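Just the one chain here, laid out as structure tokens, in the form predicted alone.
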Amino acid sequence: MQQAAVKPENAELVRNLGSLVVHIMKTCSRGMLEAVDRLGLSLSQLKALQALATADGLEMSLKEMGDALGLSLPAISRAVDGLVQRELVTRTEDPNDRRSKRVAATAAGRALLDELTVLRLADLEAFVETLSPRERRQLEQAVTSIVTARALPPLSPRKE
């Protein structure tokens, strides 16, 4: 795999951010990853469920979902098959094109993602607790600034 070129003026920030992300993923995803493993979900299935659950109840075609996730039609179809069997998503025929299938997250699928979000937030809180008060304030200021500037939605279980 070829390494992407990093502009010299960004190199230190990119390395440091990468180190932080790797550290957080290694130490702060345990609860969520253990739950995903227990459920027997593949990464493709998790990505598909996340895409559907964040589509605000809207259906997506298998092709739209595959394109959005960078997965081939056969790969996304296999991922969705497992999610349908677990009743986490529904798959229906497109009324305008019978060859196309529409997929939507079920209430159980959205609830599962909410449970995973709770675990992810608990893992992140454990990381935040390891920071000194000064580090916590600095991180909060930096992250809040970026989240606000980009109008990122808060990560929290949905209220239905």
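Nothing here was measured: the structure is a model prediction, and the numbers come from that model. Note that residue numbering begins at 1 and tracks the sequence as displayed.
Although not depicted, the form predicted in complex with the DNA is the subject of the following passage.
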item: Of 134, 99, 26, 38, the one that lies within 4.5 Å of the DNA in the model of the complex (heavy atoms); value: 99
item: Which of 113-121, 126-134, 59-67, 26-34 sits within 4.5 Å of the DNA in the model of the complex, heavy atom basis; value: 59-67
item: Residue 50 within 4.5 Å of the DNA in the model of the complex, heavy atoms; value: no
item: Partner proximity in the model of the complex: residue 54 to the DNA, non-hydrogen atom cutoff 4.5 Å; value: no
item: In the model of the complex, residue 77 touching the DNA (heavy atom, 4.5 Å); value: yes
item: Close approach of residue 44 to the DNA in the model of the complex, 4.5 Å, heavy atom; value: yes
